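Alright, here's a single protein chain in two forms, structure 1 and structure 2, each given by itself as structure tokens.
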Structure 1
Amino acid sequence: MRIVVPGEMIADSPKEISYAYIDGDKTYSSVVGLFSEQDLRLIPLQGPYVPITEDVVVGVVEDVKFAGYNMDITSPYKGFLLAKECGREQFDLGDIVLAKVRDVDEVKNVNLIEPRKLLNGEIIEISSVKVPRVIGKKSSMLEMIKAATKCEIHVGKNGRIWIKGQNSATATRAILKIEKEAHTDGLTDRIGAFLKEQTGDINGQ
């Protein structure tokens, strides 16, 4: 992997790569990050969470209105959840809610749908640009952590993560280790070894 900066060419042909853009017949990085030429993967090293349609986020209710709820989604933009999207569910200030981004309008209002209240868990926050590493390819990293710790874990694309289970401390340490070492190679093997050392099990058996 090599460090790239915004505007740096990363491919001499048009490639659909996250955090990159195509200009003419070449592809350029739009972020400061680490680029792997082998698998055309660009990992941002910094930046705030910018909501995208279909993102799953973990929000906190920060204001209750007649029409719905204002949600803190760890973004420069606030989320809003219409009361009619909640069915019979009602939320209070400080409630933790898993929801999906329905759309982001032209003035950056973030409209949320499909809310689910998360109860009795713990919250940690990491850089949103490191979330793909926590999830892993086809959710492989996240599933490994769940299996080893027997924890229920919901990872928001906004970098807020909810964890519930007796081994939540181990799950938390594993996730923070991933955040710290997200830019390095061989991360999956190291996390597997860490989980095995902590729990004696990385396969959920």
Structure 2
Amino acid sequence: MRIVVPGEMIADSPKEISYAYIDGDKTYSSVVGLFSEQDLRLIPLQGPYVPITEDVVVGVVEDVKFAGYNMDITSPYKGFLLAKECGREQFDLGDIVLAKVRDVDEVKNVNLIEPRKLLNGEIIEISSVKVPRVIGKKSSMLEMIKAATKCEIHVGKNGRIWIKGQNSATATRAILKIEKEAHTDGLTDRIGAFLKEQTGDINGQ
């Protein structure tokens, strides 16, 4: 793995790689990212959130209309939740809602489904490109944080994270640490040690 920057050549033949582009017979990175030569994968280290189908996001109700709700999903594009997708549930301005992206049409309307209101929690926002690290392989990282802090946590693909529970401050610190160190190796072990140290203190009181 190495850090590449925009315009840096990552393959001397044309290769289809996300976040890279082909010019002539070579392939170049278009972002600052981690590039793995072995599996020809480029993971951006920073960047905006652009929703795609099946993403689970944490939104905030921004406008209430007859047909449904406009939702802020920390993206340049607004989410829209049709009232008929909500069953009997109604939402108010400022409600925090977990929802799934059904589709994004060609004019970038983001249609949301399966809403669920999240109540009495805290919200933190991180860069959406770091979300895979917070979740970890097969959800391992997230499960570890949940187990150690006994918090209920919902991680939106959009980088907005909802946390509820007694040890929410510890969970928040662990997640911000992951965001800061997302590009480093051995992260799971370090977060594990961090959680042990923090929650150990709490139990020892």
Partner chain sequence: MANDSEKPQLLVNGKRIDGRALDEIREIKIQAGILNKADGSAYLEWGNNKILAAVYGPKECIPKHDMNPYKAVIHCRYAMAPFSSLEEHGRSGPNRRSTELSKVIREVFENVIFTELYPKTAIDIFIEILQGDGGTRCAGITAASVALANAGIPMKDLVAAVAVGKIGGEVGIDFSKDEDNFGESDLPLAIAPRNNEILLLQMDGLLTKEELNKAFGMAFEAVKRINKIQSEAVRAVYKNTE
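Take the two forms, superpose them, and find the largest set of C-alpha atoms that agree within 1.5 Å; that set is the rigid core. Owing to the predicted nature of the structure, the values given are computational and were not obtained by experimental measurement. Here, a residue number simply tells you its place in the sequence of structure 1, counted from 1.
Structure 1 is taken from the form predicted alone, while structure 2 is not. Hinge assignment between structures 1 and 2, options Q46, V64, N111, Y21: the residue at the boundary between rigid parts is Q46.
As a two-part rigid-body motion between structures 1 and 2, the smaller part of the chain turns against the larger by 29°, taken from C-alpha fits. With the core fitted, the CA of P14 sits 9.8 Å away from its counterpart between structures 1 and 2. Note on S36: its Cα is shifted 3.6 Å between structures 1 and 2, core used for superposition.
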